[in-house]
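Just one chain follows, in the form predicted alone, and it is written as structure tokens.
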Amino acid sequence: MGIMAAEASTVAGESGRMVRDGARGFVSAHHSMKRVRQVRTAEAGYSREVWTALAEAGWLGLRIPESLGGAGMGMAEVAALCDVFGEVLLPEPYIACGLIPCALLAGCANAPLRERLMHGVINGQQVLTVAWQEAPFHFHAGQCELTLSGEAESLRLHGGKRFVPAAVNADGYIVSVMHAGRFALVHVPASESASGITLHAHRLIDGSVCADLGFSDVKISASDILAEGEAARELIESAVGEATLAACAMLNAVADRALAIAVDYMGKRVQFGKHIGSFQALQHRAVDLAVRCALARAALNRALEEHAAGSTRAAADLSAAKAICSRTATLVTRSAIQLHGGIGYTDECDIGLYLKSALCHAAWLGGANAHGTRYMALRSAVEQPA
């Protein structure tokens, strides 16, 4: 990735470079573009064997505090890891089933439940996914209508969730609910409660799988409540915010790699007796795309810095980064296909896989338009005079 890799590592520093080098070694040993195509038709959309290898390499616990068995690193290092994973289109749901569940468990007020689940998640023995969305364009994690009724050991879950990533073959779900008028997060074991759960899977354009979940009179133990009240709301909003930063890193990596593939192709394809890379109009277009990639990197780096500092601008800069990175990745990948010509639309051509990844990550956790609107509202609030 050259210059882009150097720019991406400025926030993370030496630790980010170490993570990046380690991640490249991991993907070299466990991944290839051939595997990307193979797992696109797998039931779960990824490999549990590679997921276990991710855990053994320590990547699932990267953000977890050392006191809880993790590496205790920050979001800059997570972004460096996602940069590598995005570059090679690693299909394993690191953000959805690694970063978010671990963040929720690390902040869980229920210590016995945290200890019961954390070890299995970090070691890859248990795959948890988070169910919080209930409608299209819903990306405010602290809002929900699904209800948990009853008391003590007679709690019952009623309602549904949509677009739950990697729900197929998951071992359990962390679900946002309303309980007695209070927001709460609960753990739902998939195997034990399967009789009350309906799952309708959808394969996305990049081969990953999400699902709509229905809960009908599903029994929940009081011991499976992770957190309640404002603490629970802040916990999931923070976790989804960090996931959005990680998704931005994925998007930037996809855009950078797509541009690199296109530029390489321009140097090989001959038209009118010349390599198309010698045409000035295409050179200008490639440079414009490179500038857009650099700006997207800068937007993410700013958001990472504000997040690390706990700034009042952090939420606004997060939305700015997601909007910019989403638009950039979709523009660059589409343009890269156009630079390839008709061959770019074939499944055998790698560039099409990058477009599909860009489209999925751009829409996930709020698209460009939604985050652009959110950015304007948050910026106005921050800039209001005291």
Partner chain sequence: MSVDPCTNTGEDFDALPDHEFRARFRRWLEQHCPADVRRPAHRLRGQRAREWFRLLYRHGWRAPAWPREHGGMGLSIPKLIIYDEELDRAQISRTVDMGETHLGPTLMKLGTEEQRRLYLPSILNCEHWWCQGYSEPNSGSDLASLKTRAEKEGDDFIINGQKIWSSFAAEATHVFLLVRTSTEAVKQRGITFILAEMSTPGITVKPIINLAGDDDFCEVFYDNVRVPARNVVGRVGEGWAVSRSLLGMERLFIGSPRNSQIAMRALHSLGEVLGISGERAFATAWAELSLELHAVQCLYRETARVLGQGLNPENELSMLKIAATEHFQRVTEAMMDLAGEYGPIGEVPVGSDSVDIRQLYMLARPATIYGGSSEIQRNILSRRMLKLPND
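In this text the structure is predicted, and so the values were computed from the model without any measurement. Numbering follows the first chain given and starts at 1.
One more form of this protein should be noted, the form predicted together with its partner chain, which is absent from this view; the next part is about it.
Would you mind picking out the stretch of 122-130, 297-305, 280-288, 174-182 that comes within 4.5 angstroms of its partner chain in the predicted bound form, counting non-hydrogen atoms?
Only one stretch passes the 4.5 Å heavy-atom test: 280-288.
Applying a 4.5 Å heavy atom distance criterion, does Thr346 contact its partner chain in the predicted bound form?
Within the cut-off, so yes.
Is Arg334 a contact residue for its partner chain in the predicted bound form, using a 4.5 Å heavy atom cut-off?
Within the cut-off, so yes.
Can any non-hydrogen atom of Leu359 be found within 4.5 angstroms of its partner chain in the predicted bound form?
Yes, Leu359 is a contact residue.
Although its partner chain is absent from this view, report whether Ile236 comes within 4.5 Å of it in the predicted bound form, heavy atoms only.
No, Ile236 stays farther than 4.5 Å from its partner chain in the predicted bound form.
Each of Arg162, Arg327 and Gly352 having a non-hydrogen atom within 4.5 Å of its partner chain in the predicted bound form: is that the case here?
The answer is yes; Arg162, Arg327 and Gly352 each reach its partner chain.
Which of these residues, Ser32, Gln338, Gln38, Thr52, gets a heavy atom within 4.5 Å of its partner chain in the predicted bound form?
By the 4.5 Å criterion, the partner-contacting residue is Gln338.
Here the chain is shown alone; which of Arg116, His140, Arg269, Arg156 has a heavy atom within 4.5 Å of its partner chain in the predicted bound form?
Of the listed residues, the single hit is Arg269.
Using a 4.5 Å heavy atom cutoff, which residues in 203-240 contact its partner chain in the predicted bound form? It's fine if the answer is none.
Contacts from 203-240: Arg203, Leu204, Ile205, Cys210.
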